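There is one chain below, alone, in structure tokens, taken in the form predicted alone.
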Amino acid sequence: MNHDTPTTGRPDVVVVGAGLAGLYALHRFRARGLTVRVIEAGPDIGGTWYWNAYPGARCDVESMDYSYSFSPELDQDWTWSELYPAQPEILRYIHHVADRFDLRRDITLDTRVESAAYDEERGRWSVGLSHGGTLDAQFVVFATGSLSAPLDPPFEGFETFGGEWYQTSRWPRHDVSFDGKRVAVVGTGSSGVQSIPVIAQAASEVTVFQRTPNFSIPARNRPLTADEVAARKSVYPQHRQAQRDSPSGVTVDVNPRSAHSYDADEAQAEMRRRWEFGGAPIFNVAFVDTMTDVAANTLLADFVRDRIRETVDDPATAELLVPTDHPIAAKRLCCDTNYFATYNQEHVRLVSVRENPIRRIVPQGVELADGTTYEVDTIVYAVGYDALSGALGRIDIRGRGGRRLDQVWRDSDGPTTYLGLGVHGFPNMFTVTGPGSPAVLAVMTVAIEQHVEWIDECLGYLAEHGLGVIEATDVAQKEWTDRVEEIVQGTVFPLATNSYYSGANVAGKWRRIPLWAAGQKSYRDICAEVARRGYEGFSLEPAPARATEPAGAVDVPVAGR
């Protein structure tokens, strides 16, 4: 329900996005005494966990790790029900947080930020909204997320389909029934891997169209016991600190040994132990050199390939499901519940569209290049995102001299940032888990908290020192971008040539992996040192004399529940 309560058009900070990052930013900035307005495009809070409500949607990080750590009281009063949280439970948690900390009153829903332009004379941002309003703010923080710019179905005629069609990334809020229906699922990334087994439980026929097979590790999800929950709550403060000090934001058993230090039987036993435990995070670190040594990576990949062949009854189908074109975990490593076993069901079939691609969507269903048509009642598109920088690129963001951010990045053949937090030429603008940070290579809640806290402390530093403008320097940005690239090139990530990490899933997009691949802990330490040295690599200036002059900003409504 929308409310028409007016609010000031001149907040200190505009935060774009009301997902996990935007909500925490609001909480922190408000506690500092700043006026904050959060703008959310969706009709409700939750971000990724609002939109991704498809069947089987579930986090691939354990629930007691994938949650805020900033409030010990919150840790104690919320109890997770499963080892890996499903989308509805995560969304309930997000709503609980919003209510517990009274966040809704500063959030405007159903409103898209269409533009943000920096006024150099005044040192302020003019933020244009979809309903025609404008906000005038000293700072703008983009908490838009790494996976929040959905790709439309890239097929001719998709709008002509005569049945129902859905996107996993924009799942409707009404009930969707697959009972007795012939369903096509297009895409076998994480969303496809999670949704296909659930859809198959109801549909009369499921046809999966796969271009690229993916590695996936069994989640072995289960309900949490009361004893497990009590044990974690008794040590939550220590556990949270261990998360912050870990390479990826989870306290998994990272094997310090190289794969080359094992004989064949020992290596198989180590991988088997982790496979039986379940979950991608612990399997991915079976050897210390999994992500830096091709031979070590191949050993792990071959183990998973063998498990796929053991699970899938039909040898031809099994071979289609075996990934061969990229190292394991060089693309997002999936985590599943009975995904491969689903193909043993008679009403489920796999169609490879690598050599015989989808030509178009027709009213009856899906037509391939060779003319074969699969008639279906429902199509589910799990075709992914314009990741990492996509959400930022869809907003008209203009910095000094009116230069547009997405054009700057196109001219640079990819995103250039300093620490993934600031961009040269765009003063007083911050990104949360932006390109150049660990982002999706770390547990998002841990990465988000670190970024938001760094930005919050930076704003405090500026106020304490009579400063009003902060901007990444060109030199620091170039050095950081080169450092990020150098580290990535020492890993197996570049060998996955069709990964969304590199933008390869979006036609015409840059080809760069703008991710800090040396671990969340090393990144945290670098950011802390930058701050300790007075925000080294940033230029700091007093606010312009005209900063307080109004710029015609107007009131915008609060939209909440």
Ligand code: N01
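Heads up: residue numbers just count along the shown sequence, starting at 1. Small disclaimer: the values here were computed from a predicted structure and weren't measured.
Only in words, not in the display: the form predicted in complex with this ligand, which the text now covers.
On the criterion of a non-hydrogen atom at 4.5 angstroms or closer, are L147, V186 and V353 all touching this ligand in the model of the complex?
Verified in the model of the complex; spot residues all in contact, yes.
Is P415 one of the residues lying within 4.5 Å of this ligand in the model of the complex, judged by heavy atom distances?
The answer is no: P415 has no heavy atom within 4.5 Å of this ligand.
With the partner left out here, check for me: in the model of the complex, does some heavy atom of R307 sit within 4.5 Å of this ligand?
Heavy-atom contact with this ligand at 4.5 Å: absent for R307.
Please run the contact check for F155 against this ligand in the model of the complex: heavy atoms, 4.5 angstroms, yes or no?
Output for F155 is yes: heavy atoms within 4.5 Å of this ligand.
Taking heavy atoms and a 4.5 Å cut-off, does S437 contact this ligand in the model of the complex?
No, S437 is distant from the partner.
Have a look at Y535, W516, Y54, Y50 for me and say which one sits with a heavy atom within 4.5 Å of this ligand in the model of the complex.
Selected option: Y54.
Sort through R524, R512, R58, R28 and report the residue having a heavy atom within 4.5 Å of this ligand in the model of the complex.
Of R524, R512, R58, R28, the residue with a heavy atom within 4.5 Å of this ligand in the model of the complex is R58.
With this ligand left out here, work out from 489-497, 58-66, 524-532, 39-47 which stretch has heavy atoms within 4.5 Å of it in the model of the complex.
Going through the listed ranges, the match is 58-66.
Could you run down 381-402 and flag each residue that has a heavy atom within 4.5 Å of this ligand in the model of the complex?
A382, V383, G384, Y385, in sequence order.
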